[in-house]
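What follows is a single chain, given as structure tokens, in the form predicted alone.
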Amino acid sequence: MIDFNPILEDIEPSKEEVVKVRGLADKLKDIINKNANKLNINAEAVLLGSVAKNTWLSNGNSEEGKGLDIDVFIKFPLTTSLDDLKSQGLELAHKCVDEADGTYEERYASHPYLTGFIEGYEVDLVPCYDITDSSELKSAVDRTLLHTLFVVDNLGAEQTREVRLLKRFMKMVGTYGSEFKVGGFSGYLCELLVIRYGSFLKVLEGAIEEWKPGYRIDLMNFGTGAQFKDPLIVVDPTDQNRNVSAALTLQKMAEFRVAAGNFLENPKKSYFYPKTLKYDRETLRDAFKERKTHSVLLAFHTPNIPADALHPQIQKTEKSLVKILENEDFKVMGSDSWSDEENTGIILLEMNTWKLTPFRKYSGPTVWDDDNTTRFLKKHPQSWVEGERWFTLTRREYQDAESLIQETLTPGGIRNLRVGKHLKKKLLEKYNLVDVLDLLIAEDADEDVMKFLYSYLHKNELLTRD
């Protein structure tokens, strides 16, 4: 097996970074607590999340995507009204960001919170209730208190390194992140898996040897796992009625198992580092041409809604559009979707059938069914008998997929499409239907779109290393 120490040196925060991050967290807590006292607000700031649990990855690794999140929660007594928690919590959060010379965005979970950008770090400032047991829950964010305490109490000091290895491995193979866009493993789930199995390698071995859809992990032996129907069931040790892995899709569970097996069979350090994706317009175009399908991109402007609301709407639209096409006999070989989460959304449709003949063969009743035969022949007088059944030809309403897509995206046709109200408005305003081969001729083809197309063609690319 490979030596993990050099990898840990790269992904563990340095002593200097630990001092800087914890110093910033202490500074922000002090600002909040001083303002709470000054304004006579009964609240207290506390550091939670991966920094408090010492399971965070170094912020120096830009290839991880977004940098480190520092979670500072503002605890209010259970007797506080929800309106006061929101208003006073946001007031303290705003003052904190202002005094720390940062910028912020207002976001929404179970209630509003601020994400501040301070001294190069992303800081979530979240009002919550000061609970000690899941029975006291008033909002989903309150759980973070209990989760942090459980991990701190149950994760050994050396096991924090195992969590870091697991998180990093999952990031690099594309299975980390419980947001809807990914549908993967959360940080808390990674921590519980290491508590359950003991180490990074044991988690991988457990996935290979034990996991099947519906597999259950119940650290506290609550015995409530049977109530969940998710691909993987990890009963929350702080709440017997919650599955920590509820956001994990079967797809990402399966991908992790494949990547785990690949690594155990041929362990390489490269699994912990970004894989270089080699592609250009010409090679992508050649790959699509070789498949002999007809691939198009439906491109549109995205509504200004949170990412976890946007991606479900796009994916629902994608699946509904595929169903509409296939109901009219246009065979879809594959589909996918992507968004930059700021301006652009894309649905990819790879069609086995793009054009159809003018008529379709339609089956009617059997010749023994006199009543229905009479009605059928009245409506279709040119019918004929094959075996014991009547058949006829009916003219297709749509002979090419493009006309069906265009008709579906009109005020009348869009009623047949399952689409979120925010996205519906944008699709009716403007969209472009672009042939993938035409797109890949253009010299100004967008790099992110080309990466999306490459990932579609090479679905298992990140799950292995040469």
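The numbering used is simple: start at 1 and walk along the sequence shown. By rigid core we mean the largest C-alpha set that fits within 1.5 Å across both forms. All of these numbers come straight from a predicted model, not from anything done at the bench.
Keep in mind that the form predicted together with another copy of the chain is missing from the display, and what follows is about it.
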Closest heavy atom of residue 395 to another copy of the chain in the predicted bound form, within 4.5 Å or not?
yes
Does another copy of the chain get within 4.5 angstroms of any non-hydrogen atom of residue 410 in the predicted bound form?
no
Is there a non-hydrogen atom of residue 120 within 4.5 angstroms of a non-hydrogen atom of another copy of the chain in the predicted bound form?
no
Does at least one non-hydrogen atom of residue 201 fall within 4.5 angstroms of another copy of the chain in the predicted bound form?
no
Segment that reaches another copy of the chain in the predicted bound form - one of 299 to 307, 90 to 98, 245 to 253, 313 to 321, heavy atoms within 4.5 Å:
245 to 253
Within 4.5 Å of another copy of the chain in the predicted bound form, heavy atoms considered, which of 290, 153, 158, 342?
290
Among the candidate residues 81, 135, 357, 103, which is the single one with a non-hydrogen atom no more than 4.5 Å from another copy of the chain in the predicted bound form?
357
Does anything in 212 to 239 come within 4.5 Å of another copy of the chain in the predicted bound form by heavy atoms, and if so which residues, in order?
212, 213
With a threshold of 2 Å on the C-alpha, tell me if residue 378 counts as moved between this form and the one not shown once the core is superposed.
yes
